[in-house]
Structures are given as C-alpha cells and as structure tokens.
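The chain that follows stands alone, in the form predicted alone, written as structure tokens.
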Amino acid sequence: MCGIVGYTGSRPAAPLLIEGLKRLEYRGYDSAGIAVEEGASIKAVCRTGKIAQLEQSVTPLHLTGACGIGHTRWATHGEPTEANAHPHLACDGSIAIVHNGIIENHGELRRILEERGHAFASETDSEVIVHLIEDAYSMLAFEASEEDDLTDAAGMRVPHTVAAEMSAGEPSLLAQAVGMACGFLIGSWALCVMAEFEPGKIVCARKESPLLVGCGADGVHVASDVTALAGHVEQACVLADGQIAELDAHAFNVFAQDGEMLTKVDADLMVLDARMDAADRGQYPDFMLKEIHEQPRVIRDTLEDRFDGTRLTIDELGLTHEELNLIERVYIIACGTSYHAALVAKNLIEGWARIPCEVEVASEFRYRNPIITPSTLVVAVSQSGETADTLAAIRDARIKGAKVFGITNVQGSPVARESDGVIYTRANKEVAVASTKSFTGQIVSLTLLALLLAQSKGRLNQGQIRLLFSELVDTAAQAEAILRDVQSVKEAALACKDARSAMFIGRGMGAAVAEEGALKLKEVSYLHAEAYPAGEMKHGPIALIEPGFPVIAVATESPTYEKVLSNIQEAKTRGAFVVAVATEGDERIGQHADRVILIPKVRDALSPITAIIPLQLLAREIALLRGCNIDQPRNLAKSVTVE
C-alpha cells in the first residue's frame, strides 16, 4: 500500500518525483524518499514523516538529474525510520530500488545474501531485492564481458553497458538482472530500479501490486496509481503480473518473463480519465469535508446514462439480460467501508431480485470453500480496485467458474481488469483515508446492480424500475439539503467528544449504516465505537451503558422504526446519551433522544445514501474537537495492497 513514482526524460526529476509523491501520500505517510541520477552516481534522500519533510531536505540540494524514482511508505516490516525508508541501495550504492508489496521469503534470502557478503542497512523485507539484483547484475555483466571481451583504455575489463537494446527491443542487462532476481522472490511486488551504470534508465517489475507506465511530452513516467500520472500522460500501460518494463527518456518496452527469458510484448494502453488529476482542497479545510460535500455530484455522475427511459443499461457489465436471468446466487466480497456498502446491497438484491445473496469479508472468503457454480455471480467491491484480499478472492471465484463483476473507483485497476464487467463509481480521486464519497458511489452502483438483476428476472416491471430510478436520482438533491444545515451535527459532536467509547445501533438498512458510522468514528477520531443491530442490545451490549454513554441510533422512517424507538428507550433508561438520525417530520423522536439530526424523507431502501452523511460529518467534527489528523489518521493507508 506504499506509493511509487519514477521519471526519466528531459526535465529535472526531483520536482516531478516530489509532486507525484504528494499525490500518492494517502497510500502511506510513515516515511518517504527519492533517488536521482546525479552525474555518474545516484543521490538518495530519505526522511521520516510526511512528504513535506522530504521536500524541505531535497529542495536545497538543487538536484538536476533527469532520471529518478520515489517512494512513500506505509510500514509493514521495520519501524518508520530513515534507515527503513525507500529507496534502498546496493552495497556500493550503484543500484537503487523502491518496492510496494511483501516479500514472504525475505528472511531466508537475507541469510543467504549475508553469507555471500552483503551488508544490510535496514530491517525491511524490501532490501533483499536490491542485493539480489546486485548479485544477478554482477554475474550477467561478467558473462557479457567474457563474451564481448570488453576492456577500458588500460586493458581492464569493464561492466557491460547499454548499447542499442531499447531500439532493438532487447532487454538490457539491468532488465535481465531484475527478472533473475524476481525469480527468487515469493510474495508480491511493484518494483522500480535504477543503476548508475545504465544512465537514464528505469526498470520496473510487477506481481500482484499495481504499476503503470506512460509516455509524456518530455519523458516517460511510472507510478503505482493512475492519479500520479494524470496530467503528465494521456495513455498508460498497466503492467500485468510477471511483466517487466524498461524505460528510457523517450520510450518504454514491455517484456513477458518466462523463467529467465524476457520476451518483448505489445504494450496494452488505456486512455486516462482526466478527472483523476491531482486533487485540490479548494475552499475546504480538509479533503474529508470536501469529499463529503462531493457526494451529490457522485450520485449524479454514477447515475448518468444508466436509464434510457425504458430499461436500465449498464453495458460495461458485459452480460446480456438473458444471461443475468440465469444468475441463481450472488456473493458480494469486500473489506472495510466497501463491506458495509455490500450489506446494503444484500437487502436490495434479495428484496427486489429475489436472488439469495451473501456478503463475505474478502479475507475470509478466500480461505474457505464456498458453493460456487456457473450460475453464481461474485461482485467484488473495492474503492482502489487493488485490495489484496479482494483480488485473491475474485481470482479463486473465477477458477471455480463464477461470473465476476467489479465495483471500483479506479480506472484500469486490477479489480476492473480481472472482472468480466465493472461499474465505475465515478467518484474521481478520493484523498482522505476515510472513505466517504466512495461509499456513496458504491451504494448507488450496487443499487443499480440490484435493479438490473430485478429487471432481468422480471421481478420489477418497467414502471417500478422507472419510479425507483427517479427516486434514486432525487437522493442527490436530498444529500445537498443535509449538507446545508449541519448545526445539529456540531452540537452532537460537542456532547460526545470526551467519551471513551460509543455504540451505534440500527435495524434493517439502519444496521448497515450504523456499521459504517462506527467505522468512520474509529478511523478519524480514535474514539472506540461498535455497531450492533438494535435488537441485539439485550444480548450483551447493553451492559456497556452507563450514565452519559453515547448511543448513536439510526432511527429513520422504516418498517422497524417502532422497534428502534423501543431500543432507544432501553438505552435511555440506563443513562445513555442518545443521538438519533431521524426523518424530517418525526415529532416523537425528540421525546427520547438527547440530540436529533433530521434528514429528508426517502424510501427505506434508499435511506443509507442520505443517512450516512450526518454520521460522516459527526465523525469528522468529533475528530476536529479531539485534535486528530482528519485526512491521514494514524496507522492507516488508503489502499490495502498487502494481506
């Protein structure tokens, strides 16, 4: 879940690398570093903390080299220190690498390399890679010099250097060394490698962790996320597993690896979405608030061109209505916020399409033996489209014969590329680690899928589809109305800020909203919170309640409203401080709750879209009052690309 950037071209690399790392900082902000080709050597600078600390150290150096790589780290192996920050260097400093992923056999490799005389400078799993490449290159260079009898003016042998490999489509020795090193690795990786003896060149390799390469007007760029490329290149190649790319200042070649053999293949280019360009907070104090306010736009964009007045049309799903009619079971696999969106979708798919639907945490789904047949639809939900557990789960489902759909926000992401079809949430770039607009986009996308399945099954007629779609469109305006008046949210936050723990409750759709509300509070305010279906209160959780204990209840108009009201009364009787999210016009809720946040009336099936907004705002307000970092909560990164 680290961020990687690289550039080789005609411009100084350092400013471009810093800019790219700023765009990717949400992927990791424990430490950061760059390596730039300066003259005949590599200059590396690493710092702990945010990119700003790195920039302050790099700027006075006035680095002019036009080839470099950069990295922002979310620590897995080794604490966040300068020694553990990337780039990592070979023993003599002649090779630099940055890595995203986990090397599972690093312990064994480290022992072998140390026995061969390599000295390690860090505690990371990543450092073994640069020493493997160093060994492989030395061997290949010696073999090449023996074959070519390369000598210098004094008659001494010199390492093999790059000649015309790029124009000839042949891999350089550095590319071959990277491929050879990868053959010893077990785990996942996205790699960028540079070496002082192959100036102006970057070699990249990928297995499971994402990596994209593209040519711009003034050079060639590489990054782990499309957002770092947007604005620099119009098209990019998403490297496939096992591929190696070789970049110089003007072009790049892609090679497929088979054992130690590298064979040039055609680059598979995609056009980048200009909307994924660098984000700007604009008038907002933080990205989380900005992205909360973007939710009405996300709803409208995700629904655009989805209904032709007669039928729903989601062409990118890749299945006909007849094929959809054959679906007999649906699994939705997801993690975190995406899992909560999936809980909403389960109710909709079973309620409207009458198809059995199960929601699974992706990390658990892959380690059991679910019942999957050719009539099974597996829906993978992931904001980034690169969540490791979700990817592993859909690969397993495909092997077992299931149809796989992806719901993601990132164009060309692994989930999108490995699914039979995809619905993009059209949320554009989301910077704050705590997902808000992506959650809304996922719910809207999953609602469309539920309607499509109901349409294909004939469970809902044309008039019902038209009405539900129209009401779905209306939620954008209702979200705007909620965002215009947040005073009640601020009052509730002020009352809850000093609590040690909180409980969220709801029933039906409200239970899923409560789950997401509790997660948001934990993520950004570090206040412990748990969510329970309100009917479970008497089965244990009510024991936690003492005078002043915050209970946040989703009590919108629904078939279970009376039940929720009863549960609120149970909490109040034991001294709880109750905050209720309720429907405008509800004159009873104020008699039982200490603070009431009213939202517009919507159909219960669509209520999660609007009911979550006050809880997002509440979490943020409490975090502000507690002095927390809103956009970059401790210990968290935006994309979880390792297991």
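One rule holds for the numbers: they count along the sequence shown, beginning at 1. Here the structure is a predicted model, which means the values were calculated and not measured.
The protein also exists as the form predicted in complex with a small molecule; that form is not presented, and the subsequent description refers to it.
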Checking Ser382, Asn100, Thr556, Thr440 against the small molecule in the predicted complex, the residue with a non-hydrogen atom inside 4.5 angstroms turns out to be Ser382
Would you kindly say which of Thr124, Ser338, Ser525, Ser445 lies with a heavy atom within 4.5 Å of the small molecule in the predicted complex? Ser338
The small molecule contact at His88 in the predicted complex, heavy atom, 4.5 Å: no
Is there a heavy atom of Ser435 lying 4.5 Å or less from a heavy atom of the small molecule in the predicted complex? yes
Taking heavy atoms only, is Thr387 within 4.5 angstroms of the small molecule in the predicted complex? yes
Proximity of Arg206 to the small molecule in the predicted complex, heavy atoms at 4.5 Å: no
Report the stretch among 561-569, 329-337, 289-297, 474-482 that approaches the small molecule in the predicted complex to within 4.5 Å, counting heavy atoms only. 329-337
